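Quick heads-up: it's one chain on its own, the form predicted on its own, in structure tokens.
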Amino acid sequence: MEIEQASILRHQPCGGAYRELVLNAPAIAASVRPGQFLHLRIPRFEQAVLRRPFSVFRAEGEHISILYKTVGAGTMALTGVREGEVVNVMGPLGNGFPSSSPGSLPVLVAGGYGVAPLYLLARRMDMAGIIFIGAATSDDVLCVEDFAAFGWQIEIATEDGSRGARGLVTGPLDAWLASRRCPEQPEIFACGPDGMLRAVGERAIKAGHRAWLSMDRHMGCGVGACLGCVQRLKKADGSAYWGRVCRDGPVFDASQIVWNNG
């Protein structure tokens, strides 16, 4: 983990309410793995005692970036930072996605801006697979051109039907799993809201596929000290314990997770 005073190189809109913030952070960029996150102190947001967590979107050379949506006071304040300013960044934090297993076919499932860590994962994978992108509307469908450039097959679902299939992303995922003819065993990597993660994880477990889920929680310290982001998990012997998403995750094997009524 490093703490850097990172200069802002670019801060640009990505369509709709989404923006990309590009930082010069050499130490973090050199060690980050897909699925890890940054803890960022937002300038001129004095009412916030705590930092804000963001998944790493891109990491090239000495530069890293985050992809975020304006959803609250913190991200609204973040939209006001300008190129040339300096922000205090701590990272990379948490445990990211593992490498795909030999002989498996990587299957990515993204919900909204959950596509961000999956972009970096796909960028660093040795082979292309298939990605399912789910969103509320077409404005929330992100990075399609990037995945296409990597040679990935892309399936899209929007809840309002404005792009791709109408409905939840599990619709196209179910259809693909039922009709696939490839010899490779699917290995699933997912990031998005809890409902989507649970649905994807349950499908993977039922079908005997390995699945890795990146969980989103409100984080205080980001290093496991405050216990503000706990998640109930299962040990190998079946007993349960409380893990810390920021330190033990944010990525977990789907078979580890105990959902609220589980």
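Throughout, we count residues from 1 along the sequence that is shown. Just so it is clear, the structure is predicted and the values come from calculations on it, not from any experiment.
Although not depicted, the form predicted together with a small molecule is the subject of the following passage.
At a distance threshold of 4.5 angstroms between non-hydrogen atoms, G171 is out of contact with the small molecule in the predicted complex. Using a 4.5 angstroms limit between non-hydrogen atoms, S138 is distant from the small molecule in the predicted complex.
Although the partner is absent here, F189 is not a contact residue: none of its heavy atoms lies within 4.5 angstroms of the small molecule in the predicted complex.
When contacts are judged by a 4.5 Å heavy atom cut-off, R41 does not count as touching the small molecule in the predicted complex. Put simply, of R232, R58, K69, R210 only one has a heavy atom within 4.5 Å of the small molecule in the predicted complex, and it is K69. Comparing 212-220, 233-241, 22-30, 195-203 against the small molecule in the predicted complex, the single stretch with non-hydrogen atoms within 4.5 angstroms of it is 212-220.
With respect to the small molecule in the predicted complex, the three residues P53, T75 and A116 uniformly fall within 4.5 angstroms at the level of their nearest heavy atom.
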